[in-house]
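First, one chain by itself: the form predicted on its own, in structure tokens.
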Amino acid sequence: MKRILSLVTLFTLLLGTTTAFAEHRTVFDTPYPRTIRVAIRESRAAGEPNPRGRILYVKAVDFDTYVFNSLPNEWVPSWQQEALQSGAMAVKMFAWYRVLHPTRLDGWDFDLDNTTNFQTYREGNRYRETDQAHLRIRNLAYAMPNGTIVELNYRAGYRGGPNWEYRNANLLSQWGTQYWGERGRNMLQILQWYYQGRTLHPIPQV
């Protein structure tokens, strides 16, 4: 089984590197991102992006391409399609939020890096199943009822169960999405189980 990478959402807060927060932005008045600035860090000897490696450069990546090349590193491509669509929504909304709340670190300005500090991005790492998952939800956003774009955080959790403790913390469990997908839950039902007080919205002009 492919190892699932956990998302470290407190990284920028611990470093104190997040720039001043943007005003609350909604899916109705905020254009769908065209690009996202990805800080590329040094890799480990085995080629895995190193969360503690120094930043080599910042690359502007097409936003959809970013999701295509990040989702397979966070969700297993062979999982249930509804689980993958839940993951695609989490990866996309996390990235969209970061575009609106960029980071400055060591003289670099970027939206997120390519490691588990945020989400693991590997160029050219795409699968048909995860591509389809993103394309099926591309014109949808999971945000607050008034459309405010919020960060969708997630963790690996444990396999074989719904991960109840994550629900109480408004955290999506990667393994939990597969658990519910195997039991016939659709993407919206999975998202609603983990994230309270959020709504599915169509994204204008997407």
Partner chain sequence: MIRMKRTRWIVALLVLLSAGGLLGLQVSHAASGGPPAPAGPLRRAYWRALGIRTAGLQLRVINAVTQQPVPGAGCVVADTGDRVETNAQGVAPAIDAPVFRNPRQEELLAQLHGQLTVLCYKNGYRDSIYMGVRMHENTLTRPDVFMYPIGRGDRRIEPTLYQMPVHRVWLIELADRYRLREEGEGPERPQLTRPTEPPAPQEPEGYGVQTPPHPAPPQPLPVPPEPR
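Numbering follows the first chain given and starts at 1. Predicted model, so just to flag it, every value in this text is computed and none were measured.
Absent from the display: the form predicted in complex with its partner chain. The rest refers to it.
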Note to self: residue 28 versus its partner chain, in the predicted bound form: is there a non-hydrogen atom within 4.5 Å?
What the structure shows: no
Next item on the list: May I ask you to check whether residue 73 falls inside a 4.5 Å heavy atom distance of its partner chain in the predicted bound form?
Entry: yes
Margin query: Please tell me whether any heavy atom belonging to residue 126 falls inside 4.5 Å of a heavy atom of its partner chain, as the geometry stands in the predicted bound form.
Written below: yes
Next item on the list: Although its partner chain is absent from this view, report whether residue 61 comes within 4.5 Å of it in the predicted bound form, heavy atoms only.
Entry: no
Item checked: Partner-facing stretch of 28-36, 149-157, 136-144, 176-184, counted where any non-hydrogen atom is within 4.5 angstroms of its partner chain in the predicted bound form -> 149-157
Check: Since the partner is left out here, which residues of 159-185 would have a heavy atom within 4.5 Å of its partner chain in the predicted bound form?
Finding: 159, 165, 166, 169, 171, 174, 175
